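Encoded as structure tokens, the following chain is the form predicted on its own, with no partner shown.
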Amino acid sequence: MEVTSITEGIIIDHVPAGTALKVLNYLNINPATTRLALIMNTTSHQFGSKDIIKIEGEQDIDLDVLGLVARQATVDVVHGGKIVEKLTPNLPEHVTNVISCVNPRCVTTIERGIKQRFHLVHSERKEYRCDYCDEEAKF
């Protein structure tokens, strides 16, 4: 199988194997309207296997969201066929409208239009809690 290089866009590498579609969903990238290539379950010397997402054209991705769903991923920014910047996402301190609160009594569940906000409690366990009711987030 041959996947050609891109001249303008981004490459999200080292995505955990089998999770590329979930990552696209969390990043709000619609595969039906975006020129992209998914390489799934390819060999990785570092992780055994991985997914790679190549997105052609200008894309503004939220590194905070990527840090939450694919922390070990790397983002290569490509201009003129060359990688001009390499970014690594970090686990964000706060996330908004990525995780939904599961507490049926939480104000975000009852009231419409309130942003779903969570804060990081424990980085090693990737534990987030709701800013409103302190319910632990479920992934």
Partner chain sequence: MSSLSPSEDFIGKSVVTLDDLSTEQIELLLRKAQYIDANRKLVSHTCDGRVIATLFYEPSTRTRLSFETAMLRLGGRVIGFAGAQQSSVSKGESIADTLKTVANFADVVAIRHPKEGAALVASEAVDIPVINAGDGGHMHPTQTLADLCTLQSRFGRINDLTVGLCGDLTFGRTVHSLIETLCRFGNVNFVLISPDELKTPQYVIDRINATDNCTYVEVKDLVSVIGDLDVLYMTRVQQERFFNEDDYLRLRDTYILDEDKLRLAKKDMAVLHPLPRVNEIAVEVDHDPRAAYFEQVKNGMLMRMALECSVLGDELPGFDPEGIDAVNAKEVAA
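Given the structure is predicted, the values throughout are model-derived calculations rather than measurements. Positions refer to the first chain, counted from 1.
What comes next is about the form predicted in complex with the partner chain, which does not appear here.
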Spell out, yes or no, whether the shortest heavy atom distance between residue 48 and the partner chain in the model of the complex is within 4.5 Å.
-> no
Do residue 110 and the partner chain come within 4.5 Å of each other in the model of the complex, heavy atoms counted?
-> yes
Would residue 114 sit within 4.5 Å of the partner chain in the model of the complex, counting heavy atoms only?
-> yes
Going by a heavy atom distance of 4.5 Å, is residue 106 a contact of the partner chain in the model of the complex?
-> yes
Among 97-105, 70-78, 57-65, 25-33, mark the stretch whose residues have heavy atoms within 4.5 Å of the partner chain in the model of the complex.
-> 97-105
